[in-house]
Ligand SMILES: O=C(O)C1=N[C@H](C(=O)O)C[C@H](O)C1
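Only one chain is given next, in structure tokens, and it is the form predicted alone.
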Amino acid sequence: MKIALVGYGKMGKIIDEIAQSRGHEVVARLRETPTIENLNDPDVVIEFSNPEVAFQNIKTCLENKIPVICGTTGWLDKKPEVERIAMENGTAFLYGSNFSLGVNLFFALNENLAKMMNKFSEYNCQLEEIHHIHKLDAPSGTAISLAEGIIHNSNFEAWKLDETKEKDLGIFAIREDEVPGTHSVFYRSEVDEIEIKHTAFNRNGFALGAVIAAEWIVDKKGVFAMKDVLGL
């Protein structure tokens, strides 16, 4: 495939290496706004930029009928509009708050556990995420995905950055050192605690998952998620 990388920070560089190791050609490495000219006619765009520019980056690519894999978090208020643009232009869009295989298995585990725990009111749920000090958004997109998975399978109505209270599911967002990403879900009662946890050791799993998603999405039309790629 011919891949254009939109956003060329730490993640973009790792994706570049992995894509080439899998036999793909990287035709653009953009730190600037993409245009039809500087994208260099790719088969797919992988977008890892920042929340302020992600929407415009994605919009430009989709309007030029180029499928987009997006891993940028913190802009999701405009996701419905992006999905509409993808459908109107007969192309494909896939957003992942986290592309690693382990995290997507963790998402499925989280939803199944939420269904089980919803029957037991003596347990209260709390989320915690820890990331490096350079991360721009809080809570993380992964934590939001975990919270949404719990909300859809429980009596919670919304999430918030705080301690869990009544119908609001709480998320603690911690920023320290160079932590790639640690996410925990706790169910606590007066007598015990159940915890599920995912710890990333580096960014390579995220990058490999993004390239696998790009390989999968070529020639498809519609709006997808990593669970489609992995058959979960």
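Heads up: residue numbers just count along the shown sequence, starting at 1. Bear in mind the structure is a predicted one, so any value in this text is a computation, not a measurement.
Keep in mind that the form predicted in complex with the named molecule is not shown, yet the notes after this line are about it.
Query raised in the report: Would residue 79 count as touching the named molecule in the predicted complex under a 4.5 Å heavy atom rule?
Result: Residue 79: no contact with the named molecule in the predicted complex.
Query raised in the report: Looking in the predicted complex, any heavy atom of residue 132 within 4.5 Å of the named molecule?
Result: Residue-level check for residue 132: yes, a contact with the named molecule.
Requested in this report: Tell me, yes or no, whether residue 110 is in contact with the named molecule in the predicted complex, where a contact means a heavy atom of each within 4.5 Å.
Outcome: Result no; residue 110 lies far from the named molecule in the predicted complex.
Query raised in the report: Using heavy atoms and a 4.5 Å limit, would one call residue 170 a contact residue for the named molecule in the predicted complex?
Result: Residue 170: no contact with the named molecule in the predicted complex.
Query raised in the report: Which one of these stretches, 146 to 154, 111 to 119, 79 to 87, 95 to 103, sits within 4.5 Å of the named molecule in the predicted complex when only heavy atoms are counted?
Result: Going through the listed ranges, the match is 95 to 103.
Query raised in the report: Of 135 to 168, which residues get within 4.5 Å of the named molecule in the predicted complex if you count heavy atoms?
Result: If the 4.5 Å heavy-atom criterion is applied to the named molecule in the predicted complex, 135 to 168 yields 135, 137, 140, 141, 142.
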